[in-house]
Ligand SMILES: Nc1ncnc2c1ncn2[C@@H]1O[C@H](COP(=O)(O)OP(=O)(O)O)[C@@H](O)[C@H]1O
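Next up is one chain by itself, shown in structure tokens, the form predicted alone.
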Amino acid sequence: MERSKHIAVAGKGGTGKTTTAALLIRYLIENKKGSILAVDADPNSNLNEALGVKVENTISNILVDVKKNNVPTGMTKQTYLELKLHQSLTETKYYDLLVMGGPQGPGCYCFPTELLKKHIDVLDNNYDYMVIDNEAGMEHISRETIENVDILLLISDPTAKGVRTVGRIYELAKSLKINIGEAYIIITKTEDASDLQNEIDATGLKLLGVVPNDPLVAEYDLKGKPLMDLPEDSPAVRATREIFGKLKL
């Protein structure tokens, strides 16, 4: 079976990166595009909150547990890790979620990371789409846990500094020799990014669209309500629906 289409979302905190990832998953579900594996690769994990699901464990916690050799008697480290990795998947009716979690102390994670990579490779073949909510440094991609990105969406606020930041993230991704198919920039918190066009051109990225300020997103975040429940006429939902419609999904 062919691997899933990988769509990675990156950008500095506070720009709407996780919001974009959650609304992309919503878009794929609403348009019946196929099965989805959501991967929260941001150490400040909150994609599950945006999606409205509870997560019992993270990959990071599992790796630490195995690294400390907290393996049941009579079971090999590899068997135990594979069992725990399988249990780490949060399954829902419309998508499954895998939360990486943040680093927890120094030391080599070579063995468990390699097993994690194999685990994701196996999972990869079971889905049509993998949507990855990344940290700015794209750690799990840089470790080659996830090697290929078919579509990279870089999220920026409407400032020259923000655009330059995502430009640097794009350069980092390319320097790591990540296989990137298409790469775009999305500007949030504005209805017009024309004043930033020169800065956007300097990054080598194409502007995919803009997302205006949406008070409902802030309200839902404050109240802990999932963005999947935003109304159809929400400015963020309308704008991202138009943006994602431009992609070859």
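Because the structure is a prediction, the values reported are computed rather than measured. The numbering used is simple: start at 1 and walk along the sequence shown.
Keep in mind the form predicted together with this ligand is missing from the figure; the text below concerns it.
When contacts are judged by a 4.5 Å heavy atom cut-off, residue 218 counts as touching this ligand in the predicted complex. Residue 52 falls outside the set of residues with a heavy atom inside 4.5 Å of this ligand in the predicted complex. Proximity of residue 212 to this ligand in the predicted complex falls within the 4.5 Å heavy atom cutoff. In the predicted complex, at least one heavy atom of residue 189 sits within 4.5 Å of this ligand.
Scanning 160-181 for heavy atoms within 4.5 Å of this ligand in the predicted complex gives no residues at all.
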